[in-house]
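Shown next as structure tokens: one chain only, the form predicted on its own.
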Amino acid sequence: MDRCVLLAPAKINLYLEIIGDRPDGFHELAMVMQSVDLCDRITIARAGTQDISLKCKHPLVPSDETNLAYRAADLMRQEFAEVYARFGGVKIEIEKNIPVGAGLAGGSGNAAAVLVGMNQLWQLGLTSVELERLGAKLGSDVPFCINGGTALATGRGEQVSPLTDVQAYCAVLAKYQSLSVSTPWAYQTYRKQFESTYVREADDLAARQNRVHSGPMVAAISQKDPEQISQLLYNDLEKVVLPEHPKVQELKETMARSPQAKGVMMSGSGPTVFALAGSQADANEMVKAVRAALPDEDLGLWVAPFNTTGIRLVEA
């Protein structure tokens, strides 16, 4: 195989709870993540040289080692030096459809696609578990992005446990294109304001994680209860992001007023807000209503059904 094309879906957070601090400086988290069918398209081909190159037409996407997808290829080069010496470098092209800086794991999904694609190109035969371990070296969301679907993520987000697939919903994603929120800023600000609520002891951390495992959101997912899922949407980071960004707060309130919206929540550290609809037709109606209420050319709206898979190989 000399070339492959993969789709990398976006993700939303149906649940995000900050439990406490970790020794590595990250936060201990409990999250329920969900893939949605808004995908970047990644093409990976043998370079014919020993170089790694990356191209993307989006002006905000870097093409050097600061890009997580580039770093994924470099990680594979380091981890499998003998295979790299035999096959050489790769050329990566990214077609961006997921908005940048949106809290939708677009960069993490691109990195996951590079890991999966190079596993194919180099005929490594790595399992999903092995790919997830590699992904954890790159970023907290990368392991989830490999297999996608519906999953519980704990630790700093890299410990992924699959849950029952949820297919009852279609999401409407909304983001002001010029607005971005720094993920480190969001977590650091949350720490400053709410550190007193953090769980400190290891046993207490484990107990809190176990409560999420057996908690209402996971139960609603296992019972395939869409009404309960929509009522249990939760994101701790809204406490710091919404007061700082009134436009995101207004966007959430506007989407919540739509009669088609089953539940509305900010995804990750934002600034994307998503609303759950029971069908694609309802989602399309919601887009019209939000567009009429907020006629701002900077506001991007996307209809994205729930997705049961992660990285998908579509051409080889």
Ligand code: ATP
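Residue numbers run from 1 along the displayed sequence. These figures come from a predicted structure and were not determined experimentally.
Unshown form predicted in complex with the ligand; subsequent notes refer to it.
Contact with the ligand in the predicted complex, defined as any heavy atom within 4.5 Å, is confined among 286-294, 250-258, 43-51, 62-70 to 62-70.
For the residues Ala136, Val100, Leu124, Val199, the 4.5 Å heavy atom test against the ligand in the predicted complex is passed only by Val100. In summary, among the residues Leu104, Val116, Val90, Val172, the only one with a non-hydrogen atom within 4.5 Å of the ligand in the predicted complex is Leu104.
When contacts are judged by a 4.5 Å heavy atom cut-off, Lys96 counts as touching the ligand in the predicted complex. The shortest heavy atom separation between Gln34 and the ligand in the predicted complex exceeds 4.5 Å. The closest heavy atom approach of Gln167 to the ligand in the predicted complex falls outside 4.5 Å. The closest heavy atom approach of Ser128 to the ligand in the predicted complex falls outside 4.5 Å. Site residues Asn147, Glu158 and Asn307 are none of them in contact with the ligand in the predicted complex, judged by any heavy atom within 4.5 Å. Of all the residues from 152-184, the single one having a non-hydrogen atom no more than 4.5 Å from the ligand in the predicted complex is Thr183.
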